[in-house]
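Read the single chain below, which is given as structure tokens and is the form predicted alone.
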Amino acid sequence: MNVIAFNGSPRKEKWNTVTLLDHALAGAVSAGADTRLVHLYDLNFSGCISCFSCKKISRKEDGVCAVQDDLTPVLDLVRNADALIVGTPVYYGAESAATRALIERLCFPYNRYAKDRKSLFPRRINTALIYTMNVSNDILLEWGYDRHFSITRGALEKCFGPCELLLCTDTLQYGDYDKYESEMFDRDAKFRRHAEVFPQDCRRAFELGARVAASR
């Protein structure tokens, strides 16, 4: 079992998204998986450039993005993966720019423009999305974030297979709120939630990773 996780946050150490991904991969390891974590902000790559090379009748291979950049070898690894986990912070109600670019390049070559719309990915694998965000659960629903998350989840399910969703809300943004603009936030409540609730989110991530790796 080979599980690949993608960190769509520019923060690579100790912060919300990568911490949850670390726990998810630990859960996958507990189920016997080999794991790999890819930090997207370490790579120089773009989203889909709409060249439609992956849709040409004359293409030599299905499911291959023609763009050549730092993401190319990562997409090659995906072809042999048994499960995928994508983690991202939420910026303005959606995934980070790097995560969105990944999803475009990851999914579009496997989207077959045929009446049956069957994915060109050669098998069905488990996937998961982990979202971290500053907003509360109530605001998430009020502002319709859940509808966008459902669209992305549907894209992964269509291309690859069942997709679990983990939402981590009302996250801690700063280690020291005195150094940054933060008047609109209750810093004490933020730290209290991080101490009390975030460990529960980490446990949920561990359990998610174990499920993704254990069931095929």
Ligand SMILES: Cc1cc2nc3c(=O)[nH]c(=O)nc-3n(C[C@H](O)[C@H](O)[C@H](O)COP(=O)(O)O)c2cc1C
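The first residue of the sequence shown is number 1, and the count goes up from there. Because the structure is a prediction, the values reported are computed rather than measured.
Quick note: we don't show the form predicted together with this ligand, though the next part is all about it.
Look at the stretches 100 to 108, 71 to 79, 113 to 121, 84 to 92 and give the one with heavy atoms within 4.5 Å of this ligand in the model of the complex. Careful reading of the contacts points to 84 to 92.
Is Ser150 a contact residue for this ligand in the model of the complex, using a 4.5 Å heavy atom cut-off? Judged by the heavy-atom cut-off of 4.5 Å, Ser150 is well away from this ligand in the model of the complex.
With the partner left out here, check for me: in the model of the complex, does some heavy atom of Ala128 sit within 4.5 Å of this ligand? Ala128: no, not in contact with this ligand in the model of the complex.
Point to revise | is_contact(Ser182, this ligand) in the model of the complex, heavy atom dist at most 4.5 Å | key: Residue-level check for Ser182: no, no contact with this ligand.
### Query
Does Phe206 reach this ligand in the model of the complex if we count a contact as any heavy atom within 4.5 Å?
No, no contact at 4.5 Å.
ask   = Considering Ser30, Gln173, Ser46, Ser53, which brings a non-hydrogen atom within 4.5 Å of this ligand in the model of the complex?
value = Residue within 4.5 Å of the partner: Gln173.
Any residue of 115 to 147 with a heavy atom within 4.5 Å of this ligand in the model of the complex counts; write them all down in order. Read in sequence order, the residues that approach this ligand (within 4.5 Å, in the model of the complex) are Thr132, Met133, Asn134, Val135, Tyr145.
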